[in-house]
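In the block that follows, a single chain appears as structure tokens, in the form predicted alone.
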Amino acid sequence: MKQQVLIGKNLSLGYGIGNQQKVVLSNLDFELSSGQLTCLLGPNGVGKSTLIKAIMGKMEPFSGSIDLFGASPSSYHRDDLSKKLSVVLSEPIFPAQMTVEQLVALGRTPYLSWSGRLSEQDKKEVSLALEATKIDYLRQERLGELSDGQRQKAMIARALAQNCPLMVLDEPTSHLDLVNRYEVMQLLQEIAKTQNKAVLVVTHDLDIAIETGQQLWILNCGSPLIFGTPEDLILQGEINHLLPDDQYFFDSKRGKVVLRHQISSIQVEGPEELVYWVKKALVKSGKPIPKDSIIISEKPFRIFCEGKEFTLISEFIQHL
């Protein structure tokens, strides 16, 4: 059953400079529900980090409110907040000689007694977190010997062992290759669904956010927070708020950001999929568009132009 975990109402955030207030974000309204992976996107400097600090209780709003289970995050005692909210930062620093198991066990710190020893329940939670992130086999490996993807999964396991209803992750895929980026985000999606957690991920990776996020939050300078399912935001054109430069737009058919660059004015005849890629190659090449018609056949693939026949797009571009 879904539960509202975090609610923001008419939120205004920023910094004090002397006796003046520098407002970074204003009029923000949002909700985070359990069982969902939400991705927060926006250009650099728009205030994503400011919003995360407020959610973590490190910043008081100028106006409005943030409600985390009935209270402002900043009102919680540190130990109590650590049982509500776990955080994975983009640049964590841990000793290279620490084992994965030792790192994950740090997630149990809010629950330890004065002795600092792990109880049987703590050890169970550590094992469950390792299993959920599929890195139990790395339990005794040292952090300095792991790949970036493995280390990031270990960080997620630490946050998972903390057993909080809300997980916040700042750019968890920023240093990873394509496969690991998808693996990490799919892992977070699975955690949100199977463990009924609210998972908020700050990311610049629009493709993966669309693929894995159940909800997107879009921040842009001077605009209210835009939120909704990726599919709704795409069909409504709201996703283009991430692309204020008229040079780019989000192609809803392709599910990708593309250049507006005169691609529609290029006359090419043939199957839609092949026409798209030939036009894309022409735009990228920067070469003059042929005055003669360009015709494409599919089986076998051929490009016919200026009385010549080409079997590869690269051959055609080189000819121009």
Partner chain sequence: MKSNRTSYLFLACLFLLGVLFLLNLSLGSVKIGFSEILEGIFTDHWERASYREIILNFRLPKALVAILVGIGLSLSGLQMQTFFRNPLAGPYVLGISSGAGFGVAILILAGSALGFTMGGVSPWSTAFAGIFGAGSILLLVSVVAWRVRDSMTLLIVGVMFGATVSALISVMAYFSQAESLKLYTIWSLGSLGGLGWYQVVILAVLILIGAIPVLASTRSFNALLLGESYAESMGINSLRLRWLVIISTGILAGGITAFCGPIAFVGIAVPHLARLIWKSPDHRVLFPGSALVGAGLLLLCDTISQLPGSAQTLPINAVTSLVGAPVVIGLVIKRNFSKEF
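A quick note: this is a predicted structure, and the numbers were derived from the prediction, not measured. Positions refer to the first chain, counted from 1.
The form predicted in complex with the partner chain exists for this protein as well; it is not shown, and the discussion that follows is about that form.
K.L.:
Among 205 to 213, 186 to 194, 223 to 231, 73 to 81, which stretch has residues whose heavy atoms lie within 4.5 Å of the partner chain in the model of the complex?
P.N.:
Comparing against the partner chain in the model of the complex, the contact stretch is 73 to 81.
K.L.:
In the model of the complex, does each of 109, 112 and 162 have a heavy atom within 4.5 Å of the partner chain?
P.N.:
Yes, each of 109, 112 and 162 comes within 4.5 Å of the partner chain in the model of the complex.
K.L.:
Any chance residue 180 has a heavy atom within 4.5 Å of the partner chain in the model of the complex?
P.N.:
Residue 180: no contact with the partner chain in the model of the complex.
K.L.:
How about residue 150: is it within 4.5 Å of the partner chain in the model of the complex, going by heavy atoms?
P.N.:
No, residue 150 is distant from the partner.
K.L.:
Although the partner isn't part of this model, could you tell me whether residue 91 comes within 4.5 Å of the partner chain in the model of the complex, counting any heavy atom of the residue?
P.N.:
Heavy-atom contact with the partner chain at 4.5 Å: present for residue 91.
K.L.:
Is residue 102 part of the interface with the partner chain in the model of the complex - any heavy atom within 4.5 Å?
P.N.:
Yes, contact at 4.5 Å.
K.L.:
Looking at 135, 219, 201, 155, which is the one with a non-hydrogen atom within 4.5 Å of the partner chain in the model of the complex?
P.N.:
So the residue touching the partner chain in the model of the complex, by this definition, is 155.
K.L.:
Just to make sure I understand: among 111 to 142, which residues lie within 4.5 Å of the partner chain in the model of the complex, judging by heavy atoms?
P.N.:
Residues within 4.5 Å: 112, 113, 114, 115, 116, 117, 118, 140, 142.
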